[in-house]
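Two forms of the same protein chain are encoded below as structure tokens; each is given separately, as structure 1 and structure 2.
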Structure 1
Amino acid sequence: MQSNLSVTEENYIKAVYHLQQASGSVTTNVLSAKLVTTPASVTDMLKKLKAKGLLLYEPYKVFCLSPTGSKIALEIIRRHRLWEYFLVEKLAFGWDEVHEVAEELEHVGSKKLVDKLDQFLDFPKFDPHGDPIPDCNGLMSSVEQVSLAYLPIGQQAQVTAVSNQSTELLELLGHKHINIGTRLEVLAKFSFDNSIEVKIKDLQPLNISEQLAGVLFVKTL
């Protein structure tokens, strides 16, 4: 397994992995937009990653990670999500505070440290935002979930994931007392703006905008 990758190379590998998950393959322009850099810089890095056997790449064509590249991507993601879990569960960080810290810690590549961290945390399956944490073999748990926007009136559900993890969104969810694990019931839907009214425990009914409902994922109860 590669042990001589730079932080920039790891960031590229992780970005390609996430884009692949969304579309199956990636283009230079899409990757440059995600990383906020020039297509020329992206092309240079893609050539380096191909030379290291981490990328299946030909100029002017879509590309994807090689099996080795995918394995490294999952290792980086594992480290990131374990550190997020540690920061929230053990150091009392808010779920809206951990992403940037974990972005730095994910590049600490000691396998022994990561395995010990996983064991210390009792092998968590999901991070604080509901994303699955790869195990030491790169395997991830899954849960049947659906966007809150598609729940029918009267359906009870539990929040399982948030697809947008911006600080602004997570602050909004905190204000509305919505976290991973929150149980709610759909009380009404409004066709005027596609907003949803939900009930959470003993709180007053809340109005959830169409945009917010679209990034909240739940499992039905």
Structure 2
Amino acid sequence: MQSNLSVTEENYIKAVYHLQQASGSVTTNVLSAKLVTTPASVTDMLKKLKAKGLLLYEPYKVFCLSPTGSKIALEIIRRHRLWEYFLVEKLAFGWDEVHEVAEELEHVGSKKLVDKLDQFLDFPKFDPHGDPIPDCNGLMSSVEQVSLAYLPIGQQAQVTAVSNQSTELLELLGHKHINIGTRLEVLAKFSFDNSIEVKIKDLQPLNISEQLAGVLFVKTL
């Protein structure tokens, strides 16, 4: 049951998985944008992954991972998130600087390594960005989290996750002193630009743009 995929194949599978999570199925164009490559290259790889039984794909149709493909995706995500947790908790990396390194470490495939790392870290359930870590069977916790954009005025909440790890987003969050775990309260919402005013303990009220609110996930308190 050794999958033995190339780094490139693993990156494709991971990207398909994440795009599926957002919209159920995936198209060639969207995937090529995500991987910063051309649609033609994507088509090549889709045929290869289909041949390996990891992708349900017919030419010109939308596609999604096969059950086997999904299982592999969860393994890759497990490795990525465990390494992120390791980097932050053990090596004292900032939560906003672990993504690239984890992106490399996730391709070291040894099952034994990953399971022993999991044990060493005491079986963490969430990575430093608040995303759930699949266990050795591919199962993970889900959190009842909503986008900050949907909270009513007066609602108190705690940041549980951000929808992506782009440098730009993490820089902005650092500037605003917002982290996973940060507690806040919605003070006001402005319909002109859909921005939101929030209060974080010990800080001046902050204005959160529509774009930022959309990618900040919280659980209500």
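Computed from a predicted structure; not experimentally measured. Numbering runs along the sequence of structure 1, starting at 1.
By the stated condition, namely the form predicted alone, the first structure is the one that fits. Two rigid parts rotate between the two structures; their hinge, judged among T38, N194, S141, G154, coincides with S141.
As a two-part rigid-body motion between the two structures, the smaller part of the chain turns against the larger by 8°, taken from C-alpha fits.
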